[in-house]
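The chain that follows stands alone, in the form predicted alone, written as structure tokens.
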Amino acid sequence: MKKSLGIITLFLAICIFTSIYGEGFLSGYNLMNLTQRTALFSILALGAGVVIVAGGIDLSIGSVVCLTGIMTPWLLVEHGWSPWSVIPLVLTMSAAIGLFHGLLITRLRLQPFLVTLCGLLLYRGIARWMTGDQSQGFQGGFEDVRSIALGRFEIPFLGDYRLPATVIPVLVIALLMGFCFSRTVWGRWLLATGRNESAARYSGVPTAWLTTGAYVVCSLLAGFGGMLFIFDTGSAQPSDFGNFYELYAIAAAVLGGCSLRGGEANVLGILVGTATLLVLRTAIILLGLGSQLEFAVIGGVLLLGIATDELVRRYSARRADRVSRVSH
């Protein structure tokens, strides 16, 4: 909880400021939409966090969201497949993408940045070619399947606010990740891999498989998030669906306390970091600053997170050096 105190304080401060100066921020409709978007982006951010903990990076998240999101209605509507066939297929394909990335990085020793950057271009290109660059949607059908993302639960005493059903899978994923990092040997090994991959490998930790598994989890969650996004929006254009979503995911993970050097995990911080970014996005709109400023804010937040991480690292190193000198 202490590790998350800073981002929680920032989140509350932004909420208070926006509620005072942003008209309609506290309305049930706005809070419901904000909760929905936070839940969807949290799935992507949690996946990005796993890769960052392992000392890697995944720039293909947005394109995986695009490919899986576009493929879902393409198979359901255009080709008449059953949802019971489409959903497992799309999730399996997402996991296979992560396996592909992991093997390239661990077996061929390619740089994660370059591998996933190529993936960013590759998967969006496939989605555009596959659909002829045409919008894909459900055309008013498949409401039973879309209820996974469109479901709402009534909360007593909260007026017209309805809790989105997407909060449930986010909480399940977050609890599983938190348990893995804090209570399992695999989680501790993954943290050790991120801190010092060579030392962990010489200590007998299967670093290659753990790194590959991290990319599988990231792409699997991106694919799952892509389906939920398309269920929520109803239709999408492959040329821009999921654009820059990887920036939201990475920025939320870094802002939440995941060091880009690897080896540090904070599941609660990732969730609050995601919420902070979405509240900032809403504040920009409600305060009339123009949506064009959105990516500038994300870039500034990411830069702030990186700078803070580096300053904390230097302070910790100096402190450890002083303690070492005193002890000797």
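Each residue number is its position in the shown sequence, starting from 1. The model shown is predicted, which means the values in this text are computed figures rather than measured ones.
This protein has a second form, the form predicted together with another copy of the chain, left out of what is shown; the following refers to that one.
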If you check 214, 227, 97, 115 against another copy of the chain in the predicted complex, which one has a heavy atom within 4.5 Å?
-> 115
Sort through 220, 170, 255, 71 and report the residue having a heavy atom within 4.5 Å of another copy of the chain in the predicted complex.
-> 255
Is residue 111 close enough to another copy of the chain in the predicted complex to count, meaning some heavy atom within 4.5 Å?
-> yes
Exercise: residue 125 in contact with another copy of the chain in the predicted complex, heavy atom 4.5 Å | yes
Indicate whether another copy of the chain has at least one heavy atom within 4.5 Å of a heavy atom of residue 120 in the predicted complex.
-> yes
Is there a non-hydrogen atom of residue 247 within 4.5 angstroms of a non-hydrogen atom of another copy of the chain in the predicted complex?
-> yes
For this chain shown on its own, do 57, 243 and 298 all sit within 4.5 Å of another copy of the chain in the predicted complex, going by heavy atoms?
-> yes
Given a change of 3 Å or more, say if the Cα atoms of residue 221 and residue 301 sit closer or farther in the predicted complex than in this form.
-> farther
Shorter or longer C-alpha distance for residue 19 and residue 302 in the predicted complex, given it differs from this form by 3 Å or more?
-> closer
